[in-house]
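In C-alpha cells, one chain follows: the form predicted alone.
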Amino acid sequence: MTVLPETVEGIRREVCALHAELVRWGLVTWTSGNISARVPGADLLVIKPSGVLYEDLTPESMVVTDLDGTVVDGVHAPSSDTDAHAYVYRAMPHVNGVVHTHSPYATAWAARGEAIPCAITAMADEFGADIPVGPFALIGGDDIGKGIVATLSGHRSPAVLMRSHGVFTIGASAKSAVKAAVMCEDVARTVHLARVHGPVEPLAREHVDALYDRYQNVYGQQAARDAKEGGHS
C-alpha cells in the first residue's frame, strides 16, 4: 500500500499537537516524555525529536522512522525511546499510539516498584485492573519495549509503570494513549492521597468487570449513536 505524503503530514500535525496535552496536564518537565503514532498502512511511525523543548516543537520537527527505529524522514534525531516504541508497534499490531511520561505521582509508584491498586471506579473504567509494574530496563535500546509488551500483553490496562523509570501507555490511537497517560497520573495521585489516611481496599473483581464493561461499551455518545442507527435499520 502506497502511503500518501499528506497522510504522513497529517500524523505529524496530530503528534505535534498532542504533545501540548502532556504539558497542559502536567505530565512532563523540560524535554522529558514523548508521543508516537503509527502511520496507517505502512511500517512507519512518527515520534517526537530528542531533546527539543515542547514550545519549539512543530509538525516539521516530528521524525518519521521505520518500525526498526531507522530514520526515514526528519531533520532531527528521534527520541531516545524510539526503539522501545518501535518494538511495541512490531509486537502489538492493534496499537497505534504510544506515550511516555515521568508524571510525578505515577512515577513515584514506579520508583517503589508497586502496582497501583484498582481501588476507585475511575480506575475500573479506564484500566479494568491494577496498573501493573514492568521490569527495570535501560534507555536507548528495545529492552523497555520488550518489558512493556511482556507486561501489557493479555492485560486490560493500557498503562504500565516501568520500574524506576516512568509511565508508558498504549492505545488504538495516539490520542487514546495520551488519555490513558492523563488518567494514569490522576488515579495515581488519588490513590496515593487515600493511602496517606490509611489502607486502601481494591474493588471487588465483579464490580471492576461491570464498571469496565459499562465504560468501554456504553458510556458516552457511541451507544446512543449505535441505538439510533439500529432504529433506522
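Note that residue numbering follows the sequence shown and begins at 1. Bear in mind that the values here come from a model prediction, so they are computed numbers and not experimental data.
Note that the form predicted together with a further copy of the same chain isn't included here; everything after this is about it.
Undergrad: Should Glu14 be counted as a contact of a further copy of the same chain in the predicted complex, where contact means heavy atoms within 4.5 Å?
TA: Result no; Glu14 lies far from a further copy of the same chain in the predicted complex.
Undergrad: Wondering, does Val52 line up within 4.5 Å of a further copy of the same chain in the predicted complex on heavy atoms?
TA: Yes, Val52 is a contact residue.
Undergrad: When the contact criterion is heavy atoms within 4.5 Å, does Leu193 count as touching a further copy of the same chain in the predicted complex?
TA: Output for Leu193 is yes: heavy atoms within 4.5 Å of a further copy of the same chain.
Undergrad: Do Thr31 and a further copy of the same chain come within 4.5 Å of each other in the predicted complex, heavy atoms counted?
TA: Flag for Thr31 set to yes.
Undergrad: Looking at a further copy of the same chain in the predicted complex, is some heavy atom of each of Ala77, His102 and Leu138 within 4.5 Å of it?
TA: Contact check passed for all of Ala77, His102 and Leu138.
Undergrad: So which bits of 158-182 sit within 4.5 Å of a further copy of the same chain in the predicted complex, heavy atoms only?
TA: Those in contact are Arg163, Ser164, His165, Lys175, Val178, Lys179, Val182.
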